[in-house]
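Here we start with a single chain on its own, the form predicted on its own, put down as structure tokens.
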């Protein structure tokens, strides 16, 4: 007698965080759970650890590679080109009419679908409603870069010891990544080895935007995810989050960083000058070519991400927005109930996003999904953006002219990377 099929999946940050996914699978789809048994395996403490592990495993013939794994959009080109990811067009195509456009973009590369979309990382401007009100800042009226700078000056006028947002010295790369995503047809290089950094004027324009932001003195030097970040927020020294961490997923983390001002944070779209784009695109679950049970893997993923029941389950479980259009109103209705889950304390419930930001934050997040664009990532993007940020810093600090910085960045890419579509 044939027993249930076991499938393994990998992500980073420890397997414990996925136990509630597995519990939800068993409880929500009990009949399917008798046939498919999922098991989470660790990929290390961070995504770079996992991808190093996968490269090593591929070189060894695929031993211990799971049935599927989590991938950021930035890493899809490398592992699609290397052949680790299984194209899943036949599996996913029947569901694409219901997928939101941004989800289809995240899951696509080079004309094929390479994963089940899990999350879209849209741009969102998180802000302190009380501080903005006192400073006379209306987010919807901040449209241009000059408007943003003027808002920073107005904030400083109302709160002399505070800043509009934070941007640590030499953190240009994060801002550049968000800004460059505004253009869905922009590439660092063409296939064949022609580089665009010095010839496409949009790279120069992004350098100028970043420099203008730094020179305006509207940003705190505190870095994202630093030990000083949370205290700066709780002490009202930072009035908003925009830039590298100005993304939809911050809804999960901001309530943990500033427990003092629950109910005073709100969400808005990014200013129009850079509203389109995304923070690293999003993430997918990629089925590997080494999977012994790709059909079972897709069945598990389909239930969570491509059905109304699954979308509602994931929203209640971890606050993920649905990747399918048909589930959006269901999630909004669930949020509007404002029912405290069993086992949740009053203090924990106060920090739940629907209470922490107010119910209208969901409308902003759904609107932000309509503005998602995915940068034309290649196999070397993470290296490229680091190099670009390094030389943008030289330009910001007036150590290089704009042309010198761009030429130096491109020369280093040519030397270090050579061909970003054909890595060794």
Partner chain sequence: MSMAISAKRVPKNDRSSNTRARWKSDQIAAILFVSPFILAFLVLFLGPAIYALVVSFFRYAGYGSMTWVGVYNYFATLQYRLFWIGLRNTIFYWIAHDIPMMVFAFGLALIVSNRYIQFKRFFKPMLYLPQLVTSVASALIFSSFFGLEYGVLNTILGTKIPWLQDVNYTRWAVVILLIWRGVGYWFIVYLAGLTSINPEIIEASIVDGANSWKRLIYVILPLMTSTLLFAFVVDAIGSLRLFTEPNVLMAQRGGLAPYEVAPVVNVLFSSMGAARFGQAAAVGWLLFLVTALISWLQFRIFRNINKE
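The structure displayed is predicted, hence computed values, not measured ones. Positions refer to the first chain, counted from 1.
If you look for the form predicted together with the partner chain, you will not find it shown, but the lines that follow are about it.
J.: According to a 4.5 angstroms non-hydrogen atom cut-off, is residue 319 in contact with the partner chain in the predicted complex?
T.: Judged by the heavy-atom cut-off of 4.5 Å, residue 319 is well away from the partner chain in the predicted complex.
J.: With the partner left out of view, is residue 58 within 4.5 angstroms of the partner chain in the predicted complex by any non-hydrogen atom?
T.: Output for residue 58 is yes: heavy atoms within 4.5 Å of the partner chain.
J.: Within a 4.5 Å heavy atom cut-off, is residue 168 in contact with the partner chain in the predicted complex?
T.: Yes, residue 168 lies within 4.5 Å of the partner chain in the predicted complex.
J.: Flag residue 415 as yes or no: does it have a non-hydrogen atom within 4.5 angstroms of any non-hydrogen atom of the partner chain in the predicted complex?
T.: Yes, contact at 4.5 Å.
J.: Between the options 134, 308, 237, 211, which residue brings a heavy atom to within 4.5 Å of the partner chain in the predicted complex?
T.: Only one option qualifies, and that one is 237.
J.: Give a yes or no on whether each residue among 78, 391 and 419 has a heavy atom within 4.5 Å of the partner chain in the predicted complex.
T.: Verified in the predicted complex; spot residues all in contact, yes.
J.: Report the stretch among 34-42, 48-56, 62-70, 368-376 that approaches the partner chain in the predicted complex to within 4.5 Å, counting heavy atoms only.
T.: That would be stretch 48-56.
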